[in-house]
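There is one chain below, alone, in structure tokens, taken in the form predicted alone.
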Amino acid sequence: MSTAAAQQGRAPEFDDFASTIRGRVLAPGTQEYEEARMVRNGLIDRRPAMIVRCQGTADVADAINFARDHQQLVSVRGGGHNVAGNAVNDGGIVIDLSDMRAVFVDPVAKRAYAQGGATWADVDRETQLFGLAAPGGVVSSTGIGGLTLHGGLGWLRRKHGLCIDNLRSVEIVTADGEVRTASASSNPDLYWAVRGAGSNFGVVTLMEFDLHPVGPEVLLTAPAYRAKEAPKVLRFFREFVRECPDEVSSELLFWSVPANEHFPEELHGEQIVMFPAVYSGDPDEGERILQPTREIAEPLLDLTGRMPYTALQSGFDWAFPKGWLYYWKSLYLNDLSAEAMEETLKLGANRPSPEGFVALWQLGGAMSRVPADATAFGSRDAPFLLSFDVTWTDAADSERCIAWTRNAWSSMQRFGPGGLYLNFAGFGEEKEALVRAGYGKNYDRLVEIKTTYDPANLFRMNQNIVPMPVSAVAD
């Protein structure tokens, strides 16, 4: 063992590997390593044996081959936003794509090509130069890989679908170290699988997206009403979303006025119900259609305004700072029955922390018109998603906040079809039962494709699809 390797307590083959790649290998004991191992969620405190800061696809392939040959646990890091913390692990290898953030736009073909480490801020900045956008998320610092590969809900979901509905192809390095293109015409089984379950099949190093004319300005309406108005606002929300056009994507948030400079100090901590909605078409038409959402009662606050699309996409970044503590779970709702609304109101009023919120997502529109078996994502029939985005700052509250979220999630199961949005899956502690619920009838086909491309389950730091045993395949 070399002196350097001995000092770090690692085998010499780690140093040999580090000397062969163009990127950098970050080892324990350095400040850069300490910074790179931290993700958005302050609950996650893991120490991988090394972090491979890749500079290109060849580095990714070398890292996969090294991990496979040395039986190392693998995590893949893009933006590091995933609240489950799967981007890092203890004792294994992190394949870090955060230096691979290039974005190229073909404005004539209306396509964008983005490396796997890009964030939505990177994509939005380049595409908006041409008045175009790919449906992304709602926080600009989110990595495109993590969000897209498990569906991708954002402000354009009802007009242009999920992120995966606009994903035309990927370059992916699979467990055998091979670089493959997955598209409708090349490896179509893999293309089907990555659109909803992509983290199970390899490291996606390049994504090709369809683009749509969006902006330069969009309309956000965001009235906030006092908590006492919540029943009235929820009833209005139920009726309003039944008739509104696809250009509208909205949510209902049970929250507290954050204690920061964005809000008047005298309102800090007051419980509210907020009705944010985005109109992705002509802002004048949007003002007419969304004006009733601002007149349900007397707003306590109103953050409504026209803004550049990039400002919309980054407008809520401040609400999810790095290092806060996060535990989020979700489930689909069949409808908003009187009983479901009553229970939602109770949960919204009794959140375990002021920083977190209970959110009702309006679904439907373009995303619901894609057949359940067209992508791995699964059924899109549910009209609503209920998410418990529980957030707090004091580690002493962790056990209480996590227990509340799990209990709330369990209590609302009777109002839904049994599925969930796998980007909001807690820590995935329900394992196979949770993954089966997420993919529904697509699960068995995913197991077959997983067995083909990753029979040893190298990529298992995710909402894992377990491949068939070797004996079963042989039979």
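Quick note: we count residues from 1 along the sequence shown, nothing fancier. Just so it is clear, the structure is predicted and the values come from calculations on it, not from any experiment.
Another form exists, predicted in complex with a small molecule; not displayed. Remarks below refer to it.
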Is the small molecule in the predicted bound form close enough to G364, M367 and N442 that every residue in that trio has a heavy atom within 4.5 angstroms of it? no
Choose one stretch from 367-375, 133-141, 337-345, 177-185: the one whose residues place a heavy atom within 4.5 angstroms of the small molecule in the predicted bound form. 133-141
Using a 4.5 Å cut on heavy atoms, which of V123, A193, V203, V278 is close to the small molecule in the predicted bound form? V203
With the partner omitted here, the residue among G356, P223, G80, G161 that in the predicted bound form has a heavy atom within 4.5 Å of the small molecule is G80
The small molecule contact at L97 in the predicted bound form, heavy atom, 4.5 Å: yes
Is it the case that V170, even though its partner is missing from this view, gets within 4.5 Å of the small molecule in the predicted bound form, heavy atoms only? no
Using a 4.5 angstroms cut-off on non-hydrogen atoms, would F66 count as touching the small molecule in the predicted bound form? no
For I21, is any heavy atom within 4.5 Å of the small molecule in the predicted bound form, or not? no
